[in-house]
Structure formats: C-alpha cells, structure tokens
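Okay, so we've got a single protein chain in two different forms coming up as structure tokens, structure 1 first and structure 2 after it.
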Structure 1
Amino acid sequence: MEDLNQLKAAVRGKRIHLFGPPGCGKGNRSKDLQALGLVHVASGGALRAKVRDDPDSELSKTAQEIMKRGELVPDEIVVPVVMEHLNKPECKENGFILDGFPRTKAQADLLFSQVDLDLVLLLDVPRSFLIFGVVGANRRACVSCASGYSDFDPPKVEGVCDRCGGTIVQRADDTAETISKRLDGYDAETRAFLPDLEARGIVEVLPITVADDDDVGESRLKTLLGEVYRVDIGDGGTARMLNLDGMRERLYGFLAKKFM
C-alpha cells in the first residue's frame, strides 16, 4: 500500500489471532502486523522472556527444561504468562497479535471467555513444505527480534538480522523429528478446534501459494538457488509461493479491504 498510516489507523485496537501449523510463517506475519502498531504476544517469546527475566523461579526452571527438550509447555505454565500480556494497557489500547496461543481447546475456551477477537487469520501453507522449509531450507531466527530467515529468504549479511542487526541462529530443536512431532500435535490438538472459530465467523484464509495465471513478479516469489521454487500441492500439482515481501503485500492488501 502507498499510505500505511491509513492502514495503521484502521487496524489500531484490533485483536488478531494467527492460526497455522509450525513453519507456516506466523513469526514473520506477526512482524508485519507489529509494524502496523499492534502488540505481538507469542507464547514462546513470552516464556523465553520469563526465563530470561526471572531465571531462578520454579516456573522458569521448569519451562526452560521443557523447551530444551523441544516439547510443548503445559497449560498451567503458559496460560498465566500469555494472559498477563493480554491484560497489559498497551494491548488494550493498540490491539494485539496472538502468535502460538491458544494451542489447545482448553486454552481456546479460556481465551474466548475473556477476550473477543476481531479476526483469526489462517495461514495456508502446503504440508509438504512445512518440514522442508524448516530443515531443508535451514530455517533460522534473530535472537533479538525473532525475525525469521531461511535459504529462501536469507539475510543481506549472513548471521546478521536485516531488521535489528541482531545475531541469527538456528534453533536447536529445529530437526525433522521434532517438526514432525509438532505437526502431529498441531493436527490433534490445535487444528481440532478450528471449527469452533469458523462458527464464530471470524476466520479468514491467507494463502501463500500463487496460481499460475496470477501475474506476480519474481521479486515477490520464493526462489531457491536462483530458480523460482514450486511446492507440491497434491494430486501431482505444484504452485509458486510468495516470499516475505510478497506475503507482506498480500497481508496488507487483505487488511485494507477488510478494515478500511
């Protein structure tokens, strides 16, 4: 969009939940929404901040051990931390993006008993890409601002974040085995309550693939080793995928149509 100020004003105060499996781009879409003035509330980030800021508490020690094993933190730890963020004045005034929460029906029931959402954005990424995009394409993230990178969307200077200049590292638990386990858990626990959200009429799908008849410049498409990447979408078909810039434009265009 040409006038981001209008879009920022339109989304101010909105409460948006990003919904999708591990590796679908929730972190990057969160950054795009955060640039519009919304407050980013991620369960993982909130937990890591708790461990960093209060390392000697029993809650922090327990959470740290669980995260080191690549396992999901249980409700009795993650729910109080996330709800504390949502109750902050900045979230109530500016609006927020929920990233990675709720993860289970129990969490969703708790959330919806206290918070009304304006929008649930379902990030539609082919399952065949999810493991490859994390492991095969060397997914990594900035330790300071959590911006995501990969061989599809590398930083301008390897190891240095384009956004904040922080150090980029690969997460120790980004392995094929761990990601497969996360995807199975997503299907069993998280995607299972999607119909509840759809019944509320607040779910919108934001796809990452691009139809062959869509006129999209290569600068907005994922490329690998200098070639436009095509992902398997089932039944023998393939499709092009939007890169970071392409998805940001698609997201902002969608929000403009919905809220302006």
Structure 2
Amino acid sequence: MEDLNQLKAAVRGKRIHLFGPPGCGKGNRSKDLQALGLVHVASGGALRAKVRDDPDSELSKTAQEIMKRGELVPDEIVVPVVMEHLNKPECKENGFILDGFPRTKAQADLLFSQVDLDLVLLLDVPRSFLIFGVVGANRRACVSCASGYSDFDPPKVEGVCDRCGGTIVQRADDTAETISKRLDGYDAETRAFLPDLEARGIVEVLPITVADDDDVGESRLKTLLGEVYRVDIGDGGTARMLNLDGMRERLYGFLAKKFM
C-alpha cells in the first residue's frame, strides 16, 4: 500500500480530463481516479442529478428530453452545471477528473479560458466494441455510487452494487439507436477538437487492448461466459481486452510513470 499512498500524493491537485466516445469506460476509469483522491466531475451525471432533484423545472424538462434522444444539451444549461462543480474548493485542493466535458470546441475554449488541465487521457477502445459493450453486454450502473457493470463485469449479486449495496439499473438512453447517435455526435463534435488539445501537448493515450505477445494473466482480461473475449480490431484482426482490474493496473502504472 506504500506505493498506492505515493501515487495518491503524486496525483494530488492534478486536473485530468478523460477523453473518449460513449462506452469507452470513462465512468470506470473515473472511479479508479476517485480512489486516488481526485474529485469526479461528470457532466452527464451532474445533469441527471439536476433532473432528479428538480424534475418539474423547465430546465430539467428540456435537459431530460434532449438526453433521452442522445443529443447535446445546450451550453447555457450544461456549462453552469459543470463550472459550479469545478469551482468548488475541494476540486482546487484535491484536483479533479473531468468526465464528459468539454464535448464541443466551444465548451473546450470556454473551459481553457478559466482552467488549465495537466493531462487529457484518451481512452482508446476499438470501435466495434463500443455499441456491443453497452447494448449487447447490457451496461448498467449503481444509482447510488455510479459504479459501472456489464455482462463482462457483472456484480456478485445481480441488481446489487458490490461497492455500496445500491440498486443497479440500466440507463434509459442506453439503446442501440441512441448510442449510435451519441457516437456520431462524438465523431462530429468532440473528436473534431482533439487536435486543439494535442497542440497543447497534454494528450496521452491509454489503450484497452492487449498485444498477443503480452503475457497478461486471465484474471486481468475481459471474459464473456467463461471465455477470454477477443474484440474485432479491423482488417480481420482481433485482440484481447483488459477487464476492470487490468485497466486499473494499467492506469495506475501509467500515472506512476508520468507523475512520480
């Protein structure tokens, strides 16, 4: 645990943005970073909380409709919600993980006019996995602590969160149709401003696949119905993928190299 404490000290105060398409594991990586003491600021979660807390306001009704369709909520709504979180003293002291924001160039420009980031981590997941991982594998999450599950990473008891005992549900907007719309939106609006971030020299890539000559134990690999899962990576090729434990190790190893 000495190592983990050293890592916590090294990442304290860092401002990290998780970049990647819907279904790439931003939520789970956020959990891993939260465990190091960083504050999780998720635009989608913050919007859903706003709607839950005040369901009858015009703002909530508008946001809920748009989210259900898988479209982007207007900046007038999402920007204040996110900035309110980022400006909290706990974010300044501990550092934060920004998840789901910025999603457009306008949001990115606005963010950088107010805040600097230390790292943009690009979560690299094969395209063919994105829809399958969410819809085919029944992505679901805990309503209390937002821990993510799927048929690849099922909870020990179905419907009950391993971490906090909360109820696990599927998101209303996790349908094949909405996911593909959200992916199109990612390509058109979000991926489009990645070069701006690269120009700042803060982007690093964290892949989820494992090279065939890499000697990784099965306890760190995604399995489905007891078999090691191989994802299609195009041109007829396939690759193994890390599971939750495997990705946590890869992420912590990466951060140790970068910040320690």
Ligand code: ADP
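Here the structure is a predicted model, which means the values were calculated and not measured. The term rigid core refers to the maximal set of C-alpha atoms that superpose within 1.5 Å between the two forms. FYI, numbering is relative to structure 1, first residue = 1.
- Here the form predicted on its own appears as structure 1, and structure 2 shows the other form of the same chain.
- Taking the rigid core as fixed, one finds a CA shift for Arg52 of 2 Å or more between the two structures.
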